[in-house]
Structure formats: structure tokens, C-alpha cells
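Read the single chain below, which is given as C-alpha cells and is the form predicted on its own.
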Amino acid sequence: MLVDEKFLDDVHAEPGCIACHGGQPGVVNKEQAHDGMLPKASAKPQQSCGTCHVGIVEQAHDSTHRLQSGYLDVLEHRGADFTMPETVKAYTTHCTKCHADCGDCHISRPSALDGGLIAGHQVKRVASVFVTCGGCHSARIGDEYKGVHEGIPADVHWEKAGMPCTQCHTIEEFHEGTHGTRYDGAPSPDCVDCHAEDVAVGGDILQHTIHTSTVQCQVCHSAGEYKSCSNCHTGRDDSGIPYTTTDPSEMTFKIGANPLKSDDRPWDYVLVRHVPANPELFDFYGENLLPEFDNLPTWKYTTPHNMQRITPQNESCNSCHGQTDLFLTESDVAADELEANREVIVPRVPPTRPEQRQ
């Protein structure tokens, strides 16, 4: 049954179905009873969850997870005009599938996994991270973290300690009412939150003293390749069902120039991966809907979740220095994407260290 017996003993059962889902009380006709019903109660969180969880719902109402403001910001930077009905239709048909309301995390699987109750309608305060978080952040985050990719070890935080996502990414962060992308502002969580002594300048590890201010931690400590995707296209099939297609993903490891350099992110070198966007992303819905596509790179700043203490690129100085294949150079970038990626292409690969030349 859809409603597990355990739910009937839960405090959330006390208000009754109509309190959260709407509908008409006191009638026996099915159509009348279902008039005004919300199959997904948290589609209107203030009406359902917000009657009890006022503060949390007010905060989460404008959260990045709910509004998908990162998508909006990126599309607008690429020239998307949301006063155009074609752009709105393309966005709402495809991008909002990852939009998350309360129920996507606390009752059902995310919409990106086509929904479905996790445990008979039981409401969970702490969601199942690998069903919930992994539902949206699977192939490019969850699989990396758990070591699913052949030949690439799991992240040491999972491998050695079994740390769930929520160990670093707090509940407050999920509900946070922020706008923009996840890389706006200071890194959060940040490696130095736990490893401040390890990366201290003048500390026990000379390489940290040399590189802490110039190289993102993941450049040296990402354990191997991670997924990059390309050439996303959207549309509807002959039956009218929306689809999204991309080229087959590739396993890459590329060190790029830092496109987000700031006091909070001072590094010269960061890891980058290819995103599936392209100028024709929304062409099914209208012509030239992303007229300023080249305003943002297609190779973008990233933070892989496959960290290890010892990695192929930090075994020695020259495991990284002079290794042109590790760095994003013009030869790695498609000709029609060169202008978009100028700021992340490394102009000069750090040379081989003299003391280790053969």
C-alpha cells in the first residue's frame, strides 16, 4: 500500500490527508472529494508543511534547491530572455525537473528519479542521502564519492570513515535561501574547515606551504578522472514526451586556470570539467535562445568528490609539473568553444622541475 501502517502512528498523520493534500471533506463522490487536491502536497509548501514548520519553510522557499537559481543565473549570462515564452517553455519543461520541494527530500525520491515514495509515506527528518542527494547528484558526484568508476578509488572520507553527504553539507545549507551558483562566495564546505593545521603555511608539509595559495586542494588530491559531459539537446519526441540527450560522457582530469579568482578563491590553478551545454540547447523551442552563449566557459570550475591523500599527480613534483596532458590547453577545446573558454585555458604549463629532469 502507498501509506505504510507506520505512518498512521506518526505525528504527520494526525492532521489528516486533506490538511496537506487538499480536497473536499464530507463527500463520497470521488471526483468531488478530489477537487482541489494536490497529489504532491509540498508543491505548495506554505499550505502543507508550512502550517507547522513555519520558519524552515520560509527559509527553504527561496533556497537554491527549490528555485534552481543557479540554472537561471547561468542561462541569463548566456543571453536567455525569460520574457520570451519560448525560453520559459524550454526552461520549465526541462530544467525544473531538478527543482526540489520538501517532499522530494523527506518523503519521496526526487523528481529527477521520477518521484515515488521511499518508505510508505513515512516522513523522514534526515533524508536517505544516497537516494535523495544521489537522486540528483549521482553520476557526477555520488558515483565518484563511492568509487563506482572502475580503477578510481572512492573518496577517502567515504572509504575510511563512511561519511554521509550531510557530514560536510549541513541541513542549514540545503534550506539556505541563497541565489546564484554553488560557487558564489567563499568555499563552503572548505577543506580547511577540518584540515587547517595540515595546510598551514610553514607547517610540516612543505608542498602545502608552497602551493596552498596557488593551487586548489582538489588539483593535488583528486584521486583520478571524473565525468565530463557535452552537447546537451532538449526537445519532445513524436508522442510529445520531453527528452534530454547528451553525447556519451567522458572521464577527464583537467587542471584549468581559475575563472573565479578572488580573495576567497585565490588559486591560479583549479580543476575543471566540461558541462553539457551548447548554443543549440533550446533550439527545439525557438531560434537563437542563447545568443550570448560564449559569455561563460563550457569547461567550468569543479570540485570532484574522489579525494585521497596520495594521488598520481602528487607522487612527485614532476608528476604534475611538465605534464601537459593534465592541463587544459587549446588542443583540448573544440574550435567553436575556444572563445568561451579563454579564461580557463592554461596559457603556460608549469615546467618540469630542474632537479628531476632526466
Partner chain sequence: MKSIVKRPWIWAILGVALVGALVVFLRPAAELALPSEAAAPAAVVESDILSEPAPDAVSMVVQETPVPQQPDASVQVVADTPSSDNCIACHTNQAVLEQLAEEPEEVVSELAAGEG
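Since the structure is predicted, the reported quantities are computational estimates derived from the model, not experimental observations. Numbering follows the first chain given and starts at 1.
One more form of this protein, predicted in complex with its partner chain, exists but is not displayed; see below.
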Taking heavy atoms only, is Val28 within 4.5 angstroms of its partner chain in the predicted complex? yes
So in the predicted complex, is its partner chain close enough to Glu150 to count as touching (4.5 Å, heavy atoms)? no
Can you tell me if Tyr243 lies within 4.5 angstroms of its partner chain in the predicted complex, counting non-hydrogen atoms only? yes
Does its partner chain get within 4.5 angstroms of any non-hydrogen atom of Ser249 in the predicted complex? yes
Tell me which stretch of 62-70, 289-297, 309-317, 30-38 has a heavy atom within 4.5 angstroms of its partner chain in the predicted complex. 30-38
On the criterion of a non-hydrogen atom at 4.5 angstroms or closer, are Leu2, Leu8 and Lys227 all touching its partner chain in the predicted complex? yes
Just one of Ala200, Val123, Met84, Ala139 has a heavy atom within 4.5 Å of its partner chain in the predicted complex. Which one? Ala139
Report the residue, out of Asp237, Asp263, Asp193, Glu172, that has at least one non-hydrogen atom within 4.5 angstroms of its partner chain in the predicted complex. Asp237
Note that its partner chain is not shown here; using its position in the predicted complex, name the residues of 4-20 with a heavy atom within 4.5 Å of it, in sequence order. Glu5, Leu8, Pro15, Gly16, Cys17, Ile18, Ala19
